[in-house]
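In the form predicted alone, a lone chain appears below as structure tokens.
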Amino acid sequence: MQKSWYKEMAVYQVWPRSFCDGDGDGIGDLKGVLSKLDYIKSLGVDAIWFSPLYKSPQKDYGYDIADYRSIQPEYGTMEDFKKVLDGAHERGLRVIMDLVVNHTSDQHEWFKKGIEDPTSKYHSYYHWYKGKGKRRPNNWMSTFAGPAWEYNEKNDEYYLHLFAVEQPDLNMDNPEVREEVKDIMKFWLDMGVDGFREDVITFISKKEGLPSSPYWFPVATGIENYMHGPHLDEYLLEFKNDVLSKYDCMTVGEAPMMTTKKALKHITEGPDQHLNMMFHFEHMAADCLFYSWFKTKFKLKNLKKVFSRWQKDLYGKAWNALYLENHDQPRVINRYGSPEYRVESAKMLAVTYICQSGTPFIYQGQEIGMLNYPFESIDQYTDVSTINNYNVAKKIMGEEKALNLANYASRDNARSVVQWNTEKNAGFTTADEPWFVVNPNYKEINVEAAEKDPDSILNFYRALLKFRKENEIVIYGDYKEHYKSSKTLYVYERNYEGKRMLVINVFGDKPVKFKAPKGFDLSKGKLVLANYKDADIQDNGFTTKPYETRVYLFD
């Protein structure tokens, strides 16, 4: 297993709009981030990944970019960003930027110039097609619900948008577009940025002619024509060889509908490697089909199968990106844990994924156990995807059930402001009102309270990340699952250079008789992490407590 700095780091994700407001206008910004760099460092992470900071109309909160080389004015200036970049580097923190090049904003100058002059080079930067009579060019659906084509009256053509109407897809088959992407990469890398998280990067190559799909799916009809498209490998390798390989940087691609087999084509280590890591979504489907809006009952066996498959299939060949929360997912305690046992289940979930082989990513607020917001009306939501999906769902199941589903599935659950203390607006802003909701539980769940409690979720994350950093077995060890058929226990071992580690996680509040797997004697192991103080042993096992977790280390 080749060692590398990106394998040994842990990453903290900042969704800037809701992180911390430094200028008192109610919106999170770079001054707020600068004020919290010491806090981020104190977690034991080694890098910050910023969701988009670029100039944007904010129709999809930064994922609709109007200018790749400037900072959104609400977040500050380029000078503010450089202060954050320098401040992070001074603290030994690397900075990862979001690279969103499947699409731009419809307010980007490329798109606007292409409309104004259909003969200009910018027109071919996007996918423009004439309709078939009164019909759209094909039957593709947007992943944000609704058709993937929008008519433009000025030039009597449709443009493709796989996401919001305001997010037209770039035509990556145009070599001039790829040169623009490379110039954007160079701009940020030359400034000192340490890498990129590449948004829906596996969508950038579309099948020639953009044919209609014979299959129907409510939010992804046509996906087989643009997921892992015909030139994807070629374009990713071009970006790597022409730009990325010339810098000491890392890349992690985001890839819906990704499998280990497909991922290995992109992240297998060697001269033809396209990306360092891949964010997949398979493990986030243990309570749903495809993604959280198609809700099902949580099944631990489904979660374990995915975790184990990615651990085993990639080990020794490629590197995993580990996460349970981000800006696109509801809060994980509400999904895989228990709000009733919030502290216990948050700690257990942290161990579940951070003790696997891979680079762990932690989303803002996850480290204090933030929960979903109790929305009461669709009018409280701001996320374009949520609103579009709700409008589709209510036609099928009615308003009440559609709202209940939104409460569970919405990305807005992860976007309520970070809860810093018990002051007004949870200490997020000094403004009268923040840009978005403050969870009413902020008096109990906040950073200040967690700092004072040695047994808090926050301090558990610190201890867990410190343990990972100090023990290479957590980073580079192999993986073996035990008790695969259990509906309550997720147990696995790691082995590295003569050391063994046993990780025990309990998904549920009912007591279970646990006995150590064959070859393990708990009395001879060192209990290095646990979420209960009285972690006793009886007959090489124990009766589990609600959402219990234990990690034993054996020499």
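Start at 1 and count along the sequence shown; that's the residue number. All figures in this text were calculated on a predicted structure; none of them were measured in a lab.
One more form of this protein, predicted together with alpha-D-glucopyranose, exists but is not displayed; see below.
Q.
Within 4.5 Å, heavy atoms only: does residue 103 come near alpha-D-glucopyranose in the model of the complex?
A. Taking the distances in the model of the complex, the answer for residue 103 is yes, it comes within 4.5 Å of alpha-D-glucopyranose.
*Touches alpha-D-glucopyranose in the model of the complex: residue 200 (any heavy atom, 4.5 Å)*: Although alpha-D-glucopyranose is absent here, residue 200 would touch it in the model of the complex, with heavy atoms inside 4.5 Å.
**Asked** Would residue 254 count as touching alpha-D-glucopyranose in the model of the complex under a 4.5 Å heavy atom rule?
**Response** Output for residue 254 is yes: heavy atoms within 4.5 Å of alpha-D-glucopyranose.
query = Hey, in the model of the complex, does residue 50 get a heavy atom within 4.5 angstroms of alpha-D-glucopyranose?
reply = Residue 50: no, not in contact with alpha-D-glucopyranose in the model of the complex.
task: Select from the listed residues 194, 328, 344, 166 the one whose heavy atoms reach within 4.5 Å of alpha-D-glucopyranose in the model of the complex.
output: By the 4.5 Å criterion, the partner-contacting residue is 328.
*asked:* Only one of 507, 63, 514, 68 gets a heavy atom within 4.5 Å of alpha-D-glucopyranose in the model of the complex. Which one?
replied: When alpha-D-glucopyranose is considered in the model of the complex, the option within 4.5 Å is 63.
Should the three residues 144, 411 and 415 be counted as contacting alpha-D-glucopyranose in the model of the complex, with contact defined as a heavy atom within 4.5 Å for each? Checking in the model of the complex: 144, 411 and 415 are all within 4.5 Å of alpha-D-glucopyranose.
Counting any heavy atom within 4.5 Å as contact, can you tell me which stretch out of 366-374, 347-355, 320-328, 466-474 lines alpha-D-glucopyranose in the model of the complex? Within 4.5 Å of the partner lies stretch 320-328.
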